[in-house]
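Take a look at this single chain in structure tokens; it is the form predicted on its own.
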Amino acid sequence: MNFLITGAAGFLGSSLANQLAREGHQVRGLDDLSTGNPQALAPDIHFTRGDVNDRPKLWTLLQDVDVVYHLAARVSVPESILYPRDYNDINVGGTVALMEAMRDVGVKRVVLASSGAIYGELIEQPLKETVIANPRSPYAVSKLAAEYYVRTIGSLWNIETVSLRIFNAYGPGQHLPPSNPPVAPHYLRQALRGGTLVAHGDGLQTRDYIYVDDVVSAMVAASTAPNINGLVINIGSGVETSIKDLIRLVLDITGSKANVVYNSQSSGGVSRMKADISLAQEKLRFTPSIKLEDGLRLTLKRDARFK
């Protein structure tokens, strides 16, 4: 098959692109390289640097494409609070531009990478796709809006769509910005350096961590799975882990004696997040295979930055 991946040089995008290429597919990648690393892509992937709002470029890249994976997005919750307009322009506007270009060229299926962040603070756990979302940041709002645009435009223009709400993905090669880095690789790095592991709030808040290879397997399945048009599907491990337990695992795996500080003055975000993955199991034959402890060990083993 022929695939186009937007955000192809990012953490999930590059892992997906490389897996599809290994399976013998033709893969084109688009990325503006604001955070991505094109060196992470295999040599046989046709990579183009560019903006997802560039319609003429999209028209060229979409020729003869069977399925589009739309991963291009700004992804920092704190940054989105400072710059909501930018997040709207890229995460929402870029999605609409892509859908228009797909309509113009005649591409028939898109897989949107959405986020578990759209759920926000909800009492009912595990989180089912049918609950009313309660987004708490412009980032989460932009992802929810992108879902609605994809599904609505898809139904109007006869494009098959599926949105994957990916929970806390982690693994080797994950981007670690100076401020607000993803917590799992950040804690690994701090532990190895003998730095301090800072937990916001009391550390009892839970998240659903899923290893990158499991996310990729779900995304690959979504390109050809039947009877998923218009669906939103959770992609998580189905296991909730507290920040305290994550810290304990990191210290055990690294053998570190790093200090741990709980900052009660700062918010730890939503109190609980656990994905209900029954729909993914039914529609995508998806079963997460890598437990958190094993995934953290694999991250240490496979990521050169931790050597």
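Just so it is clear, the structure is predicted and the values come from calculations on it, not from any experiment. Position 1 is the first residue in the sequence shown; the rest follow in order.
We do not show the form predicted in complex with a small molecule, though everything after this point is about it.
Proximity to the small molecule in the model of the complex, taken as heavy atoms within 4.5 Å, picks out 138-146 from the listed stretches 77-85, 138-146, 196-204, 122-130. The shortest heavy atom separation between Val261 and the small molecule in the model of the complex exceeds 4.5 Å. Residue contact check for Leu16: none of its heavy atoms lie within 4.5 Å of the small molecule in the model of the complex. Among heavy atoms of Gly36, some come within 4.5 Å of the small molecule in the model of the complex.
Interface membership of Asp245, defined by any non-hydrogen atom within 4.5 Å of the small molecule in the model of the complex, is ruled out. Remark: none of the three candidate residues (Gln190, Asp213 and Leu300) comes within 4.5 Å of the small molecule in the model of the complex, counting heavy atoms only. The partner is absent here; in the model of the complex, the one residue of Ala72, Val110, Leu98, Ala222 having a heavy atom within 4.5 Å of the small molecule is Ala72. Listed residues Ile159, Ile166, Val162, Val92 were compared with the small molecule in the model of the complex; Ile166 is the one with a heavy atom within 4.5 Å.
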